[in-house]
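First, one chain by itself: the form predicted alone, in structure tokens.
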Amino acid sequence: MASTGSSSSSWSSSNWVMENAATPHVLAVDDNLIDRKLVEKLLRNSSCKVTTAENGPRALEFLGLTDSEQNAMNGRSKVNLVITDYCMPGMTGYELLKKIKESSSMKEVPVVIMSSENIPTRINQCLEEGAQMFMLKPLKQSDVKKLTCQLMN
């Protein structure tokens, strides 16, 4: 298979859409500050509302998925998408994906995994566990446009 650039993506087969046509709210999770700021900027350029977290536990806390799900959505905006780095200390993006997909309140929220490493077994594992897409870093504006187009349609 030919590659046309430094970034590519893999999609799962299911389609997903945003429930309302308002500004999509994206939770971006990455332990690397520069990568997190880049993803945040690209998402904001695509008219998304962005909340950032520096690790998996912080993301779970924001989503209300820490000890019990009774906190879920209390005072939190609905998140339309979670985009997370794969390689993070403490909790990988894959582990975060599994926790989100195990949750009754959050399992329908699309999760996108990003990584600088193109490892097919890792990509397939994430897609099989329910990731909507696997994207290679560094992300480009065109990658984020694909995401937001999917959210809006």
Partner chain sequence: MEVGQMQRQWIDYTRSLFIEGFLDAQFLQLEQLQDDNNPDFVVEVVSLFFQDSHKLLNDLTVALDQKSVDFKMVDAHVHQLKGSSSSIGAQRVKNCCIAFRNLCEEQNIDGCLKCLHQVKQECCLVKNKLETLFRLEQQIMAAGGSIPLMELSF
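Numbering follows the first chain given and starts at 1. Note that this is a predicted model, so its numbers are computed, not measured.
As for the form predicted in complex with its partner chain, it is not shown, yet the points below apply to it.
Participant: If you check S116, S105, Q125, T66 against its partner chain in the model of the complex, which one has a heavy atom within 4.5 Å?
Facilitator: Of the candidates S116, S105, Q125, T66, S116 is the one lying within 4.5 Å of its partner chain in the model of the complex.
Participant: In the model of the complex, which of 92-100, 42-50, 105-113, 58-66 comes within 4.5 Å of its partner chain (heavy atoms)?
Facilitator: Flagged stretch: 42-50.
Participant: How about P138 - does it come within 4.5 Å of its partner chain in the model of the complex, if we only consider non-hydrogen atoms?
Facilitator: Taking the distances in the model of the complex, the answer for P138 is yes, it comes within 4.5 Å of its partner chain.
Participant: For the heavy atom contacts within 4.5 Å of its partner chain in the model of the complex, list the residues of 28-62 involved, in sequence order.
Facilitator: Contacts from 28-62: D31, N32, L33, I34, D35, K37, L38, K41, L42, N45.
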